[in-house]
Each structure stands twice: as structure tokens, then as C-alpha cells.
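Only one chain is given next, in C-alpha cells, and it is the form predicted alone.
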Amino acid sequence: MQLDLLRTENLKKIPKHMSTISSSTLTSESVYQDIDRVYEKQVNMLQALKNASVKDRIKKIKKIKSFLQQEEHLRKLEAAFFADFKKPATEVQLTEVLPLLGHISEITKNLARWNRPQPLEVGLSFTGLNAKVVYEPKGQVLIIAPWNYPFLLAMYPLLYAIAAGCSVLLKPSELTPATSQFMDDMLQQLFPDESVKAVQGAIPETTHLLDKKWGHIFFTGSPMVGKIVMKAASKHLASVSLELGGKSPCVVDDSARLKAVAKRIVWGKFVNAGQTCLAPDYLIVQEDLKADLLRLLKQEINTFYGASAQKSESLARIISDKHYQRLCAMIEDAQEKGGQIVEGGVFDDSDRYIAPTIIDRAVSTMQLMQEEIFGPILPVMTFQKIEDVPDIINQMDKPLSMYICSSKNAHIDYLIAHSSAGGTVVNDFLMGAAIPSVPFGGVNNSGIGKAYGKHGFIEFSNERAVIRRSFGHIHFLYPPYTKRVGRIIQLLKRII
């Protein structure tokens, strides 16, 4: 039985960027049979993977590092990204390969310590008992990866799943076919199917996978599809990690170092053509400095990408025609509602190109202020008093990240205390996804669960409590419940 919300007749309910297949596309039974075959092989391997030593798990993880250290493979990966959405080779190294190597280093250095049983205090009233937490793998893991950082966001959860002792079926994005095929080929070379396997396909294959019983599902994508994944997981009460995104605000007050801030904003917003879940989604700028900041932002865009950004070799393209059309419609809607393009606004349908665009006078009724933009468009709002800012932010769902550009600790502390976000970065951008030891993830609509570092290891592990009695007993508390038992309970209450 397939999950109703992902049935072919309901494809219109799926966001446009989720699939390029039409409703008439059919997946052959042989593909489903192949998925079922690999699934069963992984079921039969779970105990062996659970019993694998830390040394063996690290050895598996290092295979990925060795593979990526070969120049031939790196060139193929860069070519795959260019084929999918013209991502610059340097940006592939900077945003896809380097962070993954950082996670490999973090895991290999710390896995033995993370996996070590953790003793727990039990207190005087439980004398004779000792307790500890032991970490065991959740079992079979399904990873559903997105298209925007198709390599990194598929591979880093895979690393932590391997570290925890899980088997993995990885579903890469169909919108990045070249990069997905690269990962498929790589994993086939490095791992047997019963340990790690990539499954190519689109919505029908994803639906078939979601119908199965999993120990854990790790999904990265939109909140809408995240709800579908969570509903599917509920059938078997599988745990989930949902990395979703949202409208991440950037607050700039009058104490910020504007030139440095402008450079960092342009980097954080327009890397990967703005198709970043952590990108600053909109600016809230203190009104008196807006003109200066806009001028500096325009200068930095020119410095980054030249007078014609379309000719730059440092700017990626929009992933698909549907996504491109959605972004163009957002800009048109903003103009109709009073938004003013102060930079960019240049399009090329044939190249899926949208210039880095800044829209002043943004208001809440605009489409680009009601949903995550996921493109090279930066709306700008203003405030007069720092106390006004939380009202702007809190009328929206809790974001994946919040950015604060300020030199005033009082302002920084106030904004953190009066808002909520998956993470917060002060005077920089995207660092929430850069440091392997820092917990990464959203809150409520922007995500469930935390990844990275020990948090990533625990996400794929069951923290199993083990309690053992070494001496003593509590027979004196067993029935019949005499007055003596009552007096002992009163004594224990005072001790506790």
C-alpha cells in the first residue's frame, strides 16, 4: 500500500521543486523488486552492523575520504554539479567537499568517546543500583536528500548513520541527476548493498520507500513534504529527523560595521544562487542606515560577480524551470505591491538565470515575505527601535537560523531572548552549517532533531538505559503496605 499523499494522482500536492516527472510516469515493478531485495538484505545484516567495532565503522567512513582525495573523482564531481545547475567548481569544493571532510574528521577523532557507555548518578535512595547509557543503532535508516546541496546533504547524515552502526538506503534528488549518479557510482564502489545503497528515482520510488518499516528517517526538504514524511513514519512509529528551513531573518542595527556586514550578507545570500536553507531570507535594517547599507550591498555584488553577473563564473543557476518561474513570479508580485528593485531584476529564461536582486520596501503581504525564497532575491524591511524587531520575526514560523549584525551586546541578548530559531549566528553567515561539532537543525516548522558531531551520532542511536543491581534489595517496600512501609516511604521522601 502506498502513502496516499504521494500517490501519482496527488502529485499536484507536491511542491514544484520536488519532481520533474509527469503524472503519467510509471515505475516498473522490477524497480520496486530491486528496492525490496536490497531492503531485505539490509534487514538480515542489522545485527552484524550493530556488533561492528568502532574501528570497523571508522574504516568504512574513511573509505569516503580516500575516494574524495583522488583528483579524478573530484573532477567528476565538479562536472556533475556543472551539468546539474552550473555550480562553480570552487564553490563545489567550498560548500560540498570541505564541510564533508570536516565531518569525517570530527567523527573519526571522537567516535570512540561518543560510543563509550556513559555512567549515570542514581542517588542515595537507590543504593545498590548502578546505571549507564549504552548507544545502539536505530537500525535501518532511510535518508531522503535534497537538490540544493545534493552531495553534502546526502553524505553527511550517511556518515553519522554509519558511525552509529546503521544500514542506509539513500534516496538522492532526481533534480540533480548527474550528482545523484556520481553518488550512486561511488557508494557501489565503496560498500555492499546490505550496508549502504543509493536508490535512484522520483516520487513513485520515494513513496515505495516510505511504505516500509524504518528505524529512522532523515529527510531534508520543505516543511510541506516533511509533514508527508512524518505521516509515513508514524505508521511504524519510526523516529524522524526533519531538516526543513524557513525564513531566516537578518537584523542589522546602527552599531554594525556596515562594510564588513555588506560583504558577508552578499556571500551568505547569493552563494549557490541563494538556494541555501540557511541563507538570510530577508533583511530588517535600522531605518537610518538603510541607504548606506543598500549602497554597500550593490558594491559588493559588483565586486563578487562583476558588472554582468550572468557572465561570472562564480554564480550558479536556478535548479529547474518551475523553480525559476516561481522566483520570477515572486519578483513580479513584490513590484505590484510596492516593492522597489534597487539591484538586479535581470532574467534569462534560456539560462535559468536570475541576477542577484535586492528589493526594498518589502511588506508582509508580498509572496516573498510569506514563504521561503530559496533564490537570489533579498527583500529589505526597516525598523526604528530594537524592541520592534521581534514582532516582525515572530509573526512568521520559527526559522532555521537567525542572523544578528550588531556590536551592542544588549541588542544581541534582547533579540535572542525575544525570538526562537534553530540556531543563531552573530556578525557572520552560514556558520551554523559549517562547524561539525555544533548542533545543527531547526525548531518546529523549520525542523525536528539536531545533527552534527555527537548530536548527529545520537540522532541515529538509541540511548539505551541499563540498570543493574549489585547488592541490596527493596523487599521492605513490597506489599502488604503496612504502617512500617508508610514510615519508610516518608523517610525516603526526606532523603530524596
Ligand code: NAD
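The structure displayed is predicted, hence computed values, not measured ones. Note that residue numbering begins at 1 and tracks the sequence as displayed.
A second form of this protein, the form predicted in complex with the ligand, is not displayed here; the remarks below concern that form.
**Q** Find out whether any non-hydrogen atom of Glu194 is located within 4.5 angstroms of the ligand in the model of the complex, and reply yes or no.
**A** Although the ligand is absent here, Glu194 would stay clear of it in the model of the complex, with no heavy atoms inside 4.5 Å.
**Q** Could you tell me if Ala273 has a non-hydrogen atom within 4.5 Å of the ligand in the model of the complex?
**A** Looking in the model of the complex, residue contacts with the ligand do not include Ala273, since no heavy atom lies within 4.5 Å.
**Q** Would you check, heavy atoms only and a 4.5 Å threshold, whether Phe374 touches the ligand in the model of the complex?
**A** Taking the distances in the model of the complex, the answer for Phe374 is yes, it comes within 4.5 Å of the ligand.
**Q** Taking the shortest heavy atom distance, is Trp147 within 4.5 Å of the ligand in the model of the complex?
**A** Looking in the model of the complex, residue contacts with the ligand include Trp147, since a heavy atom lies within 4.5 Å.
**Q** By the heavy atom within 4.5 Å rule, which residue out of Lys171, Lys138, Lys212, Arg352 makes contact with the ligand in the model of the complex?
**A** Comparing distances to the ligand in the model of the complex, the residue within 4.5 Å is Lys171.
**Q** State the residue from Thr179, Thr220, Ser167, Ser401 whose non-hydrogen atoms include one within 4.5 Å of the ligand in the model of the complex.
**A** None of the other options qualify; the answer is Thr220.
**Q** Can you say which of 282-290, 306-314, 111-119, 147-155 gets within 4.5 Å of the ligand in the model of the complex, counting heavy atoms only?
**A** Checking each option against the 4.5 Å cut-off leaves 147-155.
**Q** Looking at the ligand in the model of the complex, is some heavy atom of each of Lys298, Pro379 and Ser406 within 4.5 Å of it?
**A** Zero of three within 4.5 Å in the model of the complex.
**Q** So which bits of 240-258 sit within 4.5 Å of the ligand in the model of the complex, heavy atoms only?
**A** The stretch 240-258, when checked against the ligand in the model of the complex, contributes Glu243, Leu244, Gly245, Gly246 at the 4.5 Å heavy-atom cut-off.
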